[in-house]
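Given next, in structure tokens, is a single chain: the form predicted alone.
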Amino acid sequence: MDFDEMDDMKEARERARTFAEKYFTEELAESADRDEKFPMDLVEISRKEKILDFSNPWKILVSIEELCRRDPGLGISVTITAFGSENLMLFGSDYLKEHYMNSVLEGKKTMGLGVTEAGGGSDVSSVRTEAKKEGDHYVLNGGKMFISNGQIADFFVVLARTSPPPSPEKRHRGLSTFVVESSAPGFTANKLHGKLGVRATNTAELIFDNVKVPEQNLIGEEGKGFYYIMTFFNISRIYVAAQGLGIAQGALDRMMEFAKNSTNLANEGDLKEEIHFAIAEVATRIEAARNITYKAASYLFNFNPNPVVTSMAKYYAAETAVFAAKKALEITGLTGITSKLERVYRDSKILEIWEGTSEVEKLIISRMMTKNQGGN
């Protein structure tokens, strides 16, 4: 097995690192977090410089790593404007791809994904937003919660119920996905304030009040929405794992910098040893998380996704990010609490929640392994 990165991956990583070093200033990161303001100017620069190459998923993965390594809030903001585009790539009609997806990939528009609902948590099958067919359009009523790009997206991929489930055990049936424009009458987005972390991103509640959606904006087949969203999660979870790798690596960078610059530790043997142990433990976890993530990505990018390995990568990389940020705060003490590390720790926590909580990922791993009698 070859563990060396391909040349185009190395090039993409270096470009993302150089971009972040130049534009991810501490002043911008602090203000975006403090004011809860999406850094649209930064996003426009990243689009012009084509930091994300949508023609190569490996280049996207390593770019996400490097951007989040520098700053999670800004890094996620720069890479989230095409969130949900895989649904259109895989299942959208030629009309939807041409009318919506292409403009996003060209950096002209922003999109979002409307799945989560208040009280629904990670249970996608519990969606209550309804879409009723009336003539040549559907009418949407309901709401979504904690939606990324909620106030800035030009349109959303929205999961809604088009028919009642045949039984309580089969709630995942009768769900469909639609492209819904934010300019449609009856659509409202209310920004959510006071988040624990990733305050640079725009998160909102979406409300659909008799929103008319043309029938051609149905993605794929009616009733197949649950399966489309699950397919999307098998893709997006790998990129969340990349976010975790970047955050953890950034925390490790700061730990090593602290150890190097703390000359007084030479006379404090026990403390110095404790810091070295922490660095070694975090570095080892990052290496393990990266190996799982790249294995999951290799399956996916070769059109043979492995949901077990994907869930392993997502939950372990997320927990590694939180662990690394926590360790960095512990060993840097007051220095860390009053620095960017405090923000990094807050930003890391969301990874254990979005795109499926760590508990959900563990359930997927256990259930699928049991079903397959332990096979990977």
Partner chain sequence: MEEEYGILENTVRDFSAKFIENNALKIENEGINETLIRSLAEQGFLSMAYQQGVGKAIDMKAFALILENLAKTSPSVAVKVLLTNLFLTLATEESILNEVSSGSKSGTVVLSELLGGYSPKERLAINGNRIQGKKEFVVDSDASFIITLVDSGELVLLKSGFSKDAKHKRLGFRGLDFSTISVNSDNFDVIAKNGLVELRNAYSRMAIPIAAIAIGIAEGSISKAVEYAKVRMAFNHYLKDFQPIAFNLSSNLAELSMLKQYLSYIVGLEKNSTEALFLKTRSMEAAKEISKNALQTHGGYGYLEDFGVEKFYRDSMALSILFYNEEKEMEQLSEYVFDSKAGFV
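Numbering follows the first chain given and starts at 1. What you see is a predicted model; the values in this text were computed from it and never measured.
Another form exists, predicted in complex with its partner chain; not displayed. Remarks below refer to it.
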{"property": "Interface stretch in the predicted complex with its partner chain - options 179-187, 83-91, 105-113, 144-152, non-hydrogen atom within 4.5 Å", "result": "144-152"}
{"property": "is_contact(residue 332, its partner chain) in the predicted complex, heavy atom dist at most 4.5 Å", "result": "yes"}
{"property": "Touches its partner chain in the predicted complex: residue 342 (any heavy atom, 4.5 Å)", "result": "yes"}
{"property": "Interface membership of residue 47, its partner chain in the predicted complex, 4.5 Å heavy atom rule", "result": "no"}
{"property": "Residue contact check: residue 11 to its partner chain in the predicted complex, 4.5 Å heavy atom", "result": "no"}
{"property": "Contact residue in the predicted complex, from 123, 134, 287, 281 (heavy atom within 4.5 Å of its partner chain)", "result": "123"}
{"property": "Contact residue in the predicted complex, chosen from 51, 322, 32, 61 - any heavy atom within 4.5 Å of its partner chain", "result": "322"}
{"property": "Residues in 159-178 close to its partner chain in the predicted complex, defined by a heavy atom within 4.5 Å, in order", "result": "168, 171"}
